[in-house]
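Only one chain is included here, represented as structure tokens and corresponding to the form predicted on its own.
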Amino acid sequence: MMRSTETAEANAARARWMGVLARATRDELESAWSTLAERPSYDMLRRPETGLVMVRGRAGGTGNPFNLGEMTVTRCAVRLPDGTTGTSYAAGRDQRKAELAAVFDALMQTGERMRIESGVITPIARRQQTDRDLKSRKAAATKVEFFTMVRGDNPK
């Protein structure tokens, strides 16, 4: 039986790889799928389906929540022959991407975890981090510093 800290760590790890898979491109997932030595068979528990979710925001990041608008999301759930279930939720309408992400989620919960982590999750996460770093550098390059100079002729 898992202790609550082990459960929390397992949930955090799964949330991390599911986030990486959700932000991956379809091409990255297709490429990873095609390089698998053995592609597992799987059954669809929930075929990929597209719908809308309400996106909520907070004024100033900390204020009262408000409805920002709706966003298109595609979800999918699969089951491997050993009974392991994988799910995915991905922004947009790409049903194949949602399907592949669900399969990789399921594989990450099996004995294939280390192989999938090193061959699929880590390279995609690296590319995503590189993209974030580039965007941060571009944004930092446009930063404007405002300052006030004290002039010697100001009365005290």
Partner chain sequence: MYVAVKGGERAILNSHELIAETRRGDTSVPEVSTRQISEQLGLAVDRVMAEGSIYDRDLAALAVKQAQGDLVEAIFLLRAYRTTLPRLAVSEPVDTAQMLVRRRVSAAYKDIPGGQVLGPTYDYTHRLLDFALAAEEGVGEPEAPVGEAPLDAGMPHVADILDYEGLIEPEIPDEDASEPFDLTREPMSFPADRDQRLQNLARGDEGFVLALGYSTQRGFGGTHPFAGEIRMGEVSVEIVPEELGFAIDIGDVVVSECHMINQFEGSAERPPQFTRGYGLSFGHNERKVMAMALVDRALRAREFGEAAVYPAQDEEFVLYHADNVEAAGFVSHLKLPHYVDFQAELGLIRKLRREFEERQQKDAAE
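Positions refer to the first chain, counted from 1. Keep in mind that this is a model prediction, so the values were computed, not measured.
Beyond what is shown, the protein has a form predicted together with the partner chain; the following relates to that form.
Trainee: Would you please decide whether residue 11 lies within 4.5 angstroms of the partner chain in the predicted bound form, comparing each non-hydrogen atom pair?
Mentor: It does: once the partner chain is placed as it appears in the predicted bound form, residue 11 has a heavy atom within 4.5 Å of it.
Trainee: Considering only heavy atoms, tell me if residue 41 and the partner chain come within 4.5 Å of each other in the predicted bound form.
Mentor: No, no contact at 4.5 Å.
Trainee: With the partner left out here, check for me: in the predicted bound form, does some heavy atom of residue 33 sit within 4.5 Å of the partner chain?
Mentor: Close contact is absent here: in the predicted bound form, residue 33 is far from the partner chain, nothing within 4.5 Å, heavy atoms only.
Trainee: Given that the partner is absent here, does residue 114 sit within 4.5 Å of the partner chain in the predicted bound form, heavy atoms only?
Mentor: Residue 114: no contact with the partner chain in the predicted bound form.
Trainee: At 4.5 angstroms, heavy atoms only, are 63, 134 and 138 all close to the partner chain in the predicted bound form?
Mentor: Every residue of the spot touches the partner chain in the predicted bound form.
Trainee: Within 4.5 Å of the partner chain in the predicted bound form, counting any non-hydrogen atom, which residues from 54-73 show up?
Mentor: The stretch 54-73, when checked against the partner chain in the predicted bound form, contributes 54, 55, 56, 57, 58, 59, 60, 61, 62, 63, 64, 65, 66, 67, 68, 69, 70, 71, 72, 73 at the 4.5 Å heavy-atom cut-off.
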